[in-house]
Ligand code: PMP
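One chain follows as structure tokens, the form predicted on its own.
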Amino acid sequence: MKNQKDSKQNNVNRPSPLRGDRGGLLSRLLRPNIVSLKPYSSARDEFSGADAMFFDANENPFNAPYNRYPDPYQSELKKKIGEIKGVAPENIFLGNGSDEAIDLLFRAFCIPGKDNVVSIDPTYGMYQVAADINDVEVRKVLLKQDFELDVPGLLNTADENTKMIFICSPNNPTANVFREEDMLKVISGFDGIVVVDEAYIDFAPEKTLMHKLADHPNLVILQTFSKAWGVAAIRLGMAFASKEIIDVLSKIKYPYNVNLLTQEKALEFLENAQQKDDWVSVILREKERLKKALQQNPLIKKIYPSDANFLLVVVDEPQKIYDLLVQKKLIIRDRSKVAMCEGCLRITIGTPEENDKLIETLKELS
């Protein structure tokens, strides 16, 4: 009887899709097969307590703790993230990079070959890739000449089959955070899901929309450990949304999508958040130093404002400069063929020593 009681207590994180669906938002937007889907029930769904002998999951009994399947809902990790971000664990989804959350959103809301999404242009390329994989049309709306949102354009491009709008802020490759009032106009004016990708927000933390999350049941915010936290290799992304949306993502994800090593490493870094803040401070100082140095280089025609950990610069011969830097084993990103980025190179901020090398090499090329 004790085990039955413990098992019941440990079921608190299991998803319950559509409960509390405010205004029927999800009932209207979700694919019908997702609404009716019966999720896979793993052994750790049925019981996840400590100090028990496990005979239920056909695991190897040796080599603890790595012989056991990890917590499928990453409860300890979500609790710690929630404390830092100021949100409840039930409003957090963790995935194998933010790309998993992006893919799951397509699978949850978009009927292949019928539905569409709207995206700004230029922006992060994974939205298009995920759409193509899921056979979903992407309708792209160019940013304005100052790289700000075309709010009427985004809203007018949507139709009855538009399920999501994607906004990356700070945007990649333009590096700017969009005006909060413009993003809120899109969120309030669109009768579907708005995904705001804040992968670079740790470099402009005062500009996050996290404080608006509870006010907008159609808002999904993506963040990541890959940038400011310095652990891109562990592949851990975060999605923040209403409990109802998080429950849907948890319902359709693969059972053990975040492995134990990733969970352990993330907890280790979260215990030392000051290290992340110190790195961010150095990167921001180096960004200003690199910017000033590049402004003195005749190769650089323009440097766009940046709220991220990279600079978008304009040059006359982007392919030539890119190739010459590659020969010196200095790898930047040629964005000159991306919409609105003609002549542009994207430069990530490196260590002081790496930045010195880049500055000196560009001087030699000028």
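Bear in mind the structure is a predicted one, so any value in this text is a computation, not a measurement. Sequential numbering from 1, following the sequence displayed.
Not pictured, yet referred to below: the form predicted together with this ligand.
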| property | result |
| --- | --- |
| This ligand contact at residue 227 in the predicted complex, heavy atom, 4.5 Å | yes |
| 4.5 Å heavy atom contact, residue 199 and this ligand in the predicted complex | yes |
| Partner proximity in the predicted complex: residue 240 to this ligand, non-hydrogen atom cutoff 4.5 Å | no |
| Residue 185 within 4.5 Å of this ligand in the predicted complex, heavy atoms | no |
| Option touching this ligand, based on a heavy atom within 4.5 Å in the predicted complex, out of 97, 217, 82, 192 | 97 |
| In the predicted complex, the one of 246, 168, 104, 283 near this ligand [non-hydrogen atom within 4.5 angstroms] | 168 |
| 203, 207 and 304 each touching this ligand in the predicted complex (heavy atom, 4.5 Å) | no |
| Segment that reaches this ligand in the predicted complex - one of 69-77, 218-226, 287-295, 138-146, heavy atoms within 4.5 Å | 218-226 |
